[in-house]
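We begin with a single chain expressed as structure tokens, specifically the form predicted alone.
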């Protein structure tokens, strides 16, 4: 699980061009949106594409996405339970 959390942090920084962040700057329980990393709706779309491409997870319900993208820890738990790749 720790490896997956590390991998997610790296992918989020790379995919969303968050050059001002290092992996060490992101805590597992930091909010991804709002006061945490400050991601927006376009970033959410990119995360949805990443989930599909890298883990075989397709999100279709926006409410579900809102819950899943609360933090790295929540996202990692969801991927572990639902990944197909």
Partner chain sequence: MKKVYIHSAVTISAQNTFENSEFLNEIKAIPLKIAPAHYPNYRDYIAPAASRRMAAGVKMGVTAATKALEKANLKHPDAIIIGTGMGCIEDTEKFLNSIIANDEAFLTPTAFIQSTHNTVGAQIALGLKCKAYNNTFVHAALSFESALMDAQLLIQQEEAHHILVGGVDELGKEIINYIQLLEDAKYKGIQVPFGEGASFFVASSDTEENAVELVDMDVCSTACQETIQNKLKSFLIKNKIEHADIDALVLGRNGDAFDVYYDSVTSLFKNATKLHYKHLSGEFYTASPFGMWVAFEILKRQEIPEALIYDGKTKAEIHTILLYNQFKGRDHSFILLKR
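Residue numbers count along the first chain shown, from 1. Remember, predicted model here, so these are calculated numbers, not experimental data.
Absent from the display: the form predicted in complex with its partner chain. The rest refers to it.
> So, in the model of the complex, is residue 43 in contact with its partner chain at a 4.5 angstroms heavy atom limit?
Heavy-atom contact with its partner chain at 4.5 Å: present for residue 43.
> Determine whether any heavy atom of residue 73 comes within 4.5 Å of a heavy atom of its partner chain in the model of the complex, and answer yes or no.
Contact with its partner chain, no.
> Residue-level question: is residue 52 within 4.5 Å of its partner chain in the model of the complex, judged on heavy atoms?
Yes, contact at 4.5 Å.
> Check each residue of 1-28 against its partner chain in the model of the complex and list those with a heavy atom within 4.5 Å, in sequence order.
Counting only heavy atoms within 4.5 Å of its partner chain in the model of the complex, the contacting residues of 1-28 are 16, 17, 18, 19, 20.
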